[in-house]
Ligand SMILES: Nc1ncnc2c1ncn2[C@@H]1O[C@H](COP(=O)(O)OP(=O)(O)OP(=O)(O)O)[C@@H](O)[C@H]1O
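Take a look at this one chain, the form predicted alone, written out in structure tokens.
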Amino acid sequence: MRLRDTKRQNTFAVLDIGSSKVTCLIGEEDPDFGIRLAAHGISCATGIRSGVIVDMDLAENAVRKAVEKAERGAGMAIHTVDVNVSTRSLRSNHLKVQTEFARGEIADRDLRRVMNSSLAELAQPDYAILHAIPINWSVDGEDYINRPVGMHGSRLGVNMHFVISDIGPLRNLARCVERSHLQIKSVTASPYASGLGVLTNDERDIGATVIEMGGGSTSLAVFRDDTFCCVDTVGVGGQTVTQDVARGLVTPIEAAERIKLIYGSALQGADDDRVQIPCPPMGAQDSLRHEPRSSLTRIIRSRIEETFEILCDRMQARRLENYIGSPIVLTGGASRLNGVREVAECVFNKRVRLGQPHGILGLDDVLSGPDFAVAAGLLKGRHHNNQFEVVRGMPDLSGRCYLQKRYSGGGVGRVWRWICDNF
């Protein structure tokens, strides 16, 4: 019984809620090998569009199915999960904050005070802060300091990276998980999780960019100096490509999805004009038609190219060309489409590869694909603990500002906070 209780304590679960599928992974912390996959469950996503709950009952049913499959495989029930957020409202906000204090040695409490001040400057009731990560510090005007603890100075500053999202979709996501009798332990932005799942330590340190091509959206995460420093999202994904195929070939959505998977490519072939693709009719009275594969290729390439160009333009507008490392790593189900990697190399003018999850024991061939990068990253995120990340656990979805942390209380409150910081 004692061994069984110890195993349960070392077991944790993650939930990847996407627009095309819901994945639940149950992992175990192995003292010798790190993380071991105990069980997994996958269900078709229903009631979810672009990472947003559009039908609570259908979404709850999809979550329950994935969780039940994983629980049966592990032979145990789970109660808490780490989940992802893939809404189109994901965005970055960078803020520089500086404070002055009596000259002396900088301690950890000084770092916490400056980071909490940055929260007070940014917080608004319309959105939630998912991540608050310091990119670099400054002491007396000297920038790009990794860890200023132990240094002497009178002015301490920090450049913070905030990942924020509209609060409404997050509340619905939390409600959906709660209705499945689960408690959310932490929330992670999907492209951030993808980076943790597929990038090596050297890639995160030197610089790399992850493009998560999901069913309802395409998001980008930039890593440098082992820090997550930028995120952006475009509301175009694999399902958008399917809709383009359905409109262009005048065929039902289900048929368009099959055509995309069987015949689809973003690269023009030599015999595309001669190969004919069967296109089921929209109405029962219509007859089966055939279209050349070149028409399908043009539809797919135009949408994929447009998506990458939007992301490239946004990065250039943010002046992040030096941060967009090489290689660019593609993840998500849409990245498996033939020719997507070559189109990305042409648009970004950088080396591009498909990302595969690694660092987890027990991943089979199915779970080692780029479409499971988010779920794998959520598992690995348990060991990638950023000690300076301010927002931990479940983000505040109450709509209250963080201003009270900085400004509330009079003299007694300030004395009490000083005691808490120093003792």
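Numbering starts at 1 and follows the sequence shown. Since the model is a prediction, treat every value here as computed from it, not as a measurement.
What comes next is about the form predicted together with this ligand, which does not appear here.
Chemist: Counting only non-hydrogen atoms, which stretch in 256-264, 110-118, 198-206, 164-172 is within 4.5 Å of this ligand in the model of the complex?
Modeler: Selected stretch: 256-264.
Chemist: Would you please decide whether L130 lies within 4.5 angstroms of this ligand in the model of the complex, comparing each non-hydrogen atom pair?
Modeler: The answer is no: L130 has no heavy atom within 4.5 Å of this ligand.
Chemist: So in the model of the complex, does Q239 come within 4.5 Å of this ligand, heavy atom to heavy atom?
Modeler: Heavy-atom contact with this ligand at 4.5 Å: present for Q239.
Chemist: Does this ligand come within 4.5 Å of any heavy atom of C312 in the model of the complex?
Modeler: Answer no; every heavy atom of C312 is more than 4.5 Å from this ligand in the model of the complex.
Chemist: At the 4.5 Å heavy atom threshold, is G157 in contact with this ligand in the model of the complex?
Modeler: No - in the model of the complex, heavy atoms of G157 and this ligand never come within 4.5 Å of each other.
Chemist: Of R293, R336, K185, R224, which one comes within 4.5 Å of this ligand in the model of the complex, counting heavy atoms only?
Modeler: Here the answer is residue option R336.
Chemist: In the model of the complex, which residues of 78-99 put a heavy atom within 4.5 Å of this ligand?
Modeler: Going through 78-99 in order - heavy atoms within 4.5 Å of this ligand in the model of the complex - there is one hit, S86.
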